[in-house]
Ligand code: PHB
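One chain comes next, on its own, written out as structure tokens in the form predicted on its own.
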Amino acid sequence: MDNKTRKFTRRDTLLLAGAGALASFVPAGFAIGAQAKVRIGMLLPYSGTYARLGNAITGAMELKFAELGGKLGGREIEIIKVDSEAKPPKAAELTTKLINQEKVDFLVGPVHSGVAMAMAKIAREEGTMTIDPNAGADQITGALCAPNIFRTSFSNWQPGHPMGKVLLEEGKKNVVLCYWNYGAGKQSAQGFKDGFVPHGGNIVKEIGVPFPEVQFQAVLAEIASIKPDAVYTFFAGGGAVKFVKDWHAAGLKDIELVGAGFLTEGVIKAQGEAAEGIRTTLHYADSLDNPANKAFRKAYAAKFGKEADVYAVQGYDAAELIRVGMDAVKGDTGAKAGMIKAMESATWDSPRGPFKLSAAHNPVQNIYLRQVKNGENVVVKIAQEALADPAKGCKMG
């Protein structure tokens, strides 16, 4: 970590002052501590719009822990759930509660990037081992990166980046960008541009729709008048349902609609026939044909009575990353350097495919080209193999 960004807190002073004394008269201190449960604090949305995502992440982590016999590094597991409500103004208070009052060994969360920004600033200050299982804000593994912060999802830059190459290979050089005009939308659009413009692509126009506006008629009329080869979008949830349905109703059949995978992820049923044929790029698809994905989906469906999604995969891998760290230090949560080293070098076969981390602690992962066929995101091909985020501004030193 950059020493300039690491403040020396009163807590550090107390820890350092007592370290020598503890070492001198409690040589078996960890043997005693090992009997305590490892505490994992979940700062995730359990109510409101994003509750489904928070529950999917939590459920998948609990599934993984059950597969491990309910222990990490020989210690039983205690999960402390705190509802983030996906509200950034509450993030600092809730993060501080988990770290200082609940004394969690690991902090897991959140879903919302605004919450993640506040959470990461505190976590890097306190040095708490932190896993981000969803929030895509580029800064988490960019300017806010730290040795104790890891991500098992994606950066906003990653999913849409290979789509530029896909379109150029098909001779589609004139593209309109249309996205919710907030952090995730802007960063997703930038990822697409970075894979498109340097190789001959032309951005005809960028249309930023105020978040969370879902009135798209004027936008679609403007796109129809421009007549680009394709439109790259970033919308998710209810906004994605509305945009796809409005697009279909507008009859824009001669213009291809593409986007980051969240355009159709988890909302295909609600979109109905309007989604048929839409292509997106994402680091996961339900239909991935690998042993890990088949086993995971079978176990998840058996436990919860519903199908797993990308959010569940990200939670499952968060639990696996914690396992790697805890096994490496035999359950000694105080041995953070050893945990970090093991987690940094971890590799495994995830349901999404091969999993490893970049130097900035962001997944280096395959991004798949998917197309909606008969109401399912079907994998067409790997759009880009082992894609790493550029991690702008990250200084781990």
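For every residue, the number given is its place in the sequence shown, counted from 1. These figures come from a predicted structure and were not determined experimentally. For clarity, a rigid core is taken as the largest C-alpha set superposing within 1.5 Å between two forms.
Form predicted in complex with ligand PHB: not shown, discussed below.
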Checklist entry - Has each of Y50, A135 and F234 got a heavy atom lying within 4.5 angstroms of ligand PHB in the predicted bound form? => result yes
Item to check | Heavy atom contact within 4.5 Å of ligand PHB in the predicted bound form, the stretch among 200 to 208, 176 to 184, 248 to 256, 67 to 75 | outcome: 176 to 184
Next on the checklist: I'd like to know whether H112 contacts ligand PHB in the predicted bound form, with contact meaning heavy atoms within 4.5 angstroms.
Outcome noted: yes
Item to check | Residue contact check: Y284 to ligand PHB in the predicted bound form, 4.5 Å heavy atom | outcome: no
Next on the checklist: Within 4.5 Å, heavy atoms only: does F150 come near ligand PHB in the predicted bound form?
Outcome noted: no
Checklist entry - Wondering, does Y311 line up within 4.5 Å of ligand PHB in the predicted bound form on heavy atoms? => result yes
Item to check | Heavy atom within 4.5 Å of ligand PHB in the predicted bound form - the one residue of F262, F216, F106, W157 that qualifies | outcome: F262
Checklist entry - Has the Cα of D105 moved 2 Å or more between the shown form and the other one, judged after a core fit? => result no
Next on the checklist: Superposing on the rigid core, I want to see if M326 changes position between the shown form and the other one - specifically a Cα shift of 2 Å or more.
Outcome noted: no
Checklist entry - Does T264 count as moved between the shown form and the other one, where moved means a C-alpha shift of 2 angstroms or more after fitting the rigid core? => result yes
